[in-house]
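Okay, here we've got a single chain as structure tokens, the form predicted alone, with questions on binding and movement later.
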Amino acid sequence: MVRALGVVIAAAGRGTRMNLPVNKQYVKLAGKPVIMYSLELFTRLEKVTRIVVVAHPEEVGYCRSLVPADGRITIVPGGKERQDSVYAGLRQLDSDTQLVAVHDGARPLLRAEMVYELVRAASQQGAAIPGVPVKDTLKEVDGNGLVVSTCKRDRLYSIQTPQVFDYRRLMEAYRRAVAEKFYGTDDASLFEHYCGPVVVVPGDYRNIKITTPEDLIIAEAFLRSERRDPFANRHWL
């Protein structure tokens, strides 16, 4: 049984592709900052003992002004790269944390059902990440724009967050990565490199990351079509 789930929300990115005066985590989605959707979800989950929001160093004060009064929430400045920022958040979690979920602050449409499934899988396997099969044909292209090869789509997945890990093992992976100056593409890549296999559980095509203005339009459409998440207050297994 899960005793303590820590959460690190990465919100230190600049989001330059949005072409807006504020970072993507603070853009209004249906009248509410994008990051608030994730915060509200995680604060409703009973096993979440600590939530660390990693903000851009210049935006810590602004982020703090948005966050609801909850003793479980801490806001810390991020680092140069996303990996540095997540590590800063991980170091804030209590030593008795059993599992940790690392989530992108720019993914507002996460549902509690997915968190439960990831926690269940990570409890058994040590690490679990959500993924959805890619829909488009993928091709490898060289520096001249010429196709080198066509990828076999049946084994390719687009990986989302949150990614859930055994906290102590992920911390060990991060410590070794710092010592060796190794940077992965995501948290799971560090776990794979230093700790072992990571299991993929079914993701959700609605769990999009707000990266461009068009993503806001899509997210608003999903919000209008969604009903209340029936798993938000479900007991943990």
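We call the rigid core whatever largest set of C-alpha positions still superposes within 1.5 Å between the two forms. From 1 onward, residues are counted along the sequence shown. No experiment lies behind these values; they were computed from the predicted model shown.
Another form exists, predicted together with a further copy of the same chain; not displayed. Remarks below refer to it.
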Subject >> in the predicted complex, residue 185 touching a further copy of the same chain (heavy atom, 4.5 Å) >> reply: yes
Original post:
Does residue 198 reach a further copy of the same chain in the predicted complex, with heavy atoms at most 4.5 Å apart?
Top reply: yes
**OP:** Could you confirm whether residue 133 comes within 4.5 Å of a further copy of the same chain in the predicted complex, counting heavy atoms only?
**Re:** yes
**OP:** Would you please decide whether residue 137 lies within 4.5 angstroms of a further copy of the same chain in the predicted complex, comparing each non-hydrogen atom pair?
**Re:** yes
Original post:
Each of 42, 66 and 175 near a further copy of the same chain in the predicted complex, meaning some heavy atom within 4.5 Å?
Top reply: no
Original post:
Going by heavy atoms within 4.5 Å, which of 71 to 79, 94 to 102, 121 to 129, 108 to 116 lines up against a further copy of the same chain in the predicted complex?
Top reply: 121 to 129
**OP:** Quick one: name the residues from 72 to 97 with any non-hydrogen atom within 4.5 angstroms of a further copy of the same chain in the predicted complex.
**Re:** none
**OP:** Align both forms on the core first, then report whether residue 148 has a C-alpha shift of 2 Å or more between the shown form and the other one.
**Re:** yes
